[in-house]
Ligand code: TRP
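First, one chain by itself: the form predicted alone, in structure tokens.
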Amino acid sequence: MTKPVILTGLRANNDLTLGNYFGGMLPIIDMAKTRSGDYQINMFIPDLHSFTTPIDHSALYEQILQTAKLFVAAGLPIEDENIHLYRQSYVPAHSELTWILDCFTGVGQMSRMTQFKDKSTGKDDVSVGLFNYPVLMAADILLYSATYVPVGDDQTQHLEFTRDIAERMNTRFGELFVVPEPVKKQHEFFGNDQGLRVMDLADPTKKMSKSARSEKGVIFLSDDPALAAKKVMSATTDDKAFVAYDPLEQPGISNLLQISALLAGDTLEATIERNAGQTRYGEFKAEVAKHVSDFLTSFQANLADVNEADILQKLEQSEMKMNNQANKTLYKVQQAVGLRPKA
């Protein structure tokens, strides 16, 4: 019996942050580990999506491999046969199905996509790739009959488009595609609280982001541990002179409490209780800085131990399987639209 499919993308064009690690990487890895017994887990690196915004093309290939290495260093079990790790561009069916779906998609529908409007506003040079990005995303999902796709708030519109184009094609040509579950059921399946929001150290009202204007408040996974510790010691706090968890009144201290809990492997409640009554911010920051330094030292050692040959072997094995699956779906679509003879 064929297992239902969970599909998720692992995009990383730039260095990942501590926020990416706890908010994105660990929840994805945990999902893959806990659900691989009952589901086929498709974890693909969307290298074609990388072209939708300007990038350094000379670095892209190495960044793709680095993405895979980072996930393995964080604990992704690539020896699990139910977890498939593959590069989007190594499965040509993604591109061809996108073109076919493009021809059944209206310009008006794409123009209403919020993410396109947000990323294109005020810019003179906007690519067609950014415009029809949701169609490629739909192809990514529909080629493998994926039922579940963990999406953030910025991707829910794209998932609904995927359901819409699948239903439209099915109505016109017969049952070509499995329609993924709607957003509400996706949230019920994965949980609404996937991942944690680690905030910027310099401006704790904003999420820690690799695209932040200043790197002073951002801890990158590649940071020298001593440098990262200095960033923690310089973190914005307040003038209240006591450690308490209050994201509205004390966002900086609250953020440091959460980071401390995450890195110590403790609950937030226990961390808050342990630091109750602490009035010396310097001592508290020093404790968090040590957690950060120790974590980066350990993670970077794990990353250095990842064998690139093992990564390439996993990619090639998965890509062979994914090409077989995707080509079956594509051929069925090609038959339906008249590009191949019907059986």
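One rule holds for the numbers: they count along the sequence shown, beginning at 1. On a predicted model such as this, the values are computed, not experimentally measured, just so you know.
Another form exists, predicted together with the named molecule; not displayed. Remarks below refer to it.
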Only one of 49, 285, 314, 35 has a non-hydrogen atom within 4.5 angstroms of the named molecule in the predicted bound form; which is it?
49
Listed residue (243, 219, 141, 91) with a non-hydrogen atom within 4.5 angstroms of the named molecule in the predicted bound form:
141
Contact between residue 177 and the named molecule in the predicted bound form at 4.5 Å, heavy atoms?
no
Using a 4.5 Å heavy atom cut-off, state whether residue 199 contacts the named molecule in the predicted bound form.
no
Answer with yes or no whether residue 155 is in contact with the named molecule in the predicted bound form, where contact means some heavy atom within 4.5 Å.
yes
Counting only non-hydrogen atoms and a 4.5 angstroms cut-off, does residue 137 reach the named molecule in the predicted bound form?
yes
Testing 180-188, 96-104, 235-243, 129-137 against the named molecule in the predicted bound form with a 4.5 Å heavy atom criterion leaves exactly one stretch, namely 129-137
